[in-house]
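As structure tokens, one chain now follows by itself in the form predicted on its own.
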Amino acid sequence: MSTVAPPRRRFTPFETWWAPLLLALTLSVAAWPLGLWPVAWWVILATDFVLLVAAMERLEPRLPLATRPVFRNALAIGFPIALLVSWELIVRAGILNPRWFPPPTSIAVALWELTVNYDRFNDTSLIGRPWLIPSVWASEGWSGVRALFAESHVYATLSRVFGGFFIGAIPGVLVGVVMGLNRTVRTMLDATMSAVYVLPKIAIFPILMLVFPDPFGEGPKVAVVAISAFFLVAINAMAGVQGIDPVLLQAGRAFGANRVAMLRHVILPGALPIIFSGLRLALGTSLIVIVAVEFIRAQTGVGFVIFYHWQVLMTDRMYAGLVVTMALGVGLTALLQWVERRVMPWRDS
């Protein structure tokens, strides 16, 4: 007995995935002779984005299941590229002022120049000229290599971020776990921490400059990062401990676990996901805070690069500094996620 396959449904032109793309292209092209791009470019781009989303939503269900992950990866990579291309075209067409919004190609050239050139006025470079390490090591040894690192803006920012992050995160985890376990400690510290947490950390920086013997050294910069990281980690660690499923606690007691065993095998593993969420927030906030501090009181660092080139109206290099900041944020987040996978391998399964 033969079975007849049901006829495939035929889509009208308005239901096809390419119809929104055709409409977006028509809108973009028709806006040129009408003179709409200079006055309403953001409306046109927003409409094109909505139509692009509609087209991709219609296209994905029509793809084989095996190719859909590749399709999503292509969307994740292709959209930023399309955004940069749109930026380039809008600036080249004179719709945006290249003085304030330099095209991506100019920013890429500025980033390359910052990377390969040495600023003799400030005795600094972006990444410390690592290609000179072999020759400097042979002639000057470790002291010469340290000098190369010392001239690097990226190294200066990362050293402040890592130093402050570890100084603040380690006691933050300890204090947060204790607050989660002990109601008395939580009652005593909760209101104080809530009050200090909401203070803008950049406003605390002048106080730290008065506290440290060298107000212009690295101490106040690292301290303000440590304070920023401490509160975020402590609050999340406390929430992680309090959010542990009571069933897990009862199971640990039923198996005769003492306090140390409960802390090691039940409480900490149960709170680790929330603790790492706090660490991720704290690491991102540390980078934000140190860049802001480098705006106002530093002669090295990525924040200094951004603010200095804003002052001299070299906006392409200012945007290059912003690109470096974003790259550092992505790299630091990826590093912390790698650590998280090593500490909590059971989450991958």
Partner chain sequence: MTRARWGGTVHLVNDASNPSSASPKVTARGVSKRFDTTAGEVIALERFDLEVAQGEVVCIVGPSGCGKSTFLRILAGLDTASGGELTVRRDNPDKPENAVVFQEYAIFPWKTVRENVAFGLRMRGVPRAERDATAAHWIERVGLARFAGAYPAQLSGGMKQRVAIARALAYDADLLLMDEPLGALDAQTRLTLQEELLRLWSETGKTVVYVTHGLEEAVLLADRVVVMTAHPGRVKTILDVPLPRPRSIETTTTPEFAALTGELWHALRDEVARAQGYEVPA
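Everything quoted here is computed from the prediction, not taken from an experiment. Residue numbers count along the first chain shown, from 1.
Another form, the form predicted in complex with the partner chain, is not on view; read the next lines as being about it.
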message = Suppose contact means a heavy atom within 4.5 Å; in the predicted complex, does that hold for all of 248, 255 and 270 with the partner chain?
response = yes
The one residue among 84, 127, 266, 181 placing a heavy atom within 4.5 Å of the partner chain in the predicted complex is 266
Interface check vs the partner chain in the predicted complex: of 207, 74, 93, 261, the one with a heavy atom inside 4.5 Å is 261
Counting only non-hydrogen atoms, the one stretch of 240-248, 213-221, 141-149, 154-162 within 4.5 angstroms of the partner chain in the predicted complex is 240-248
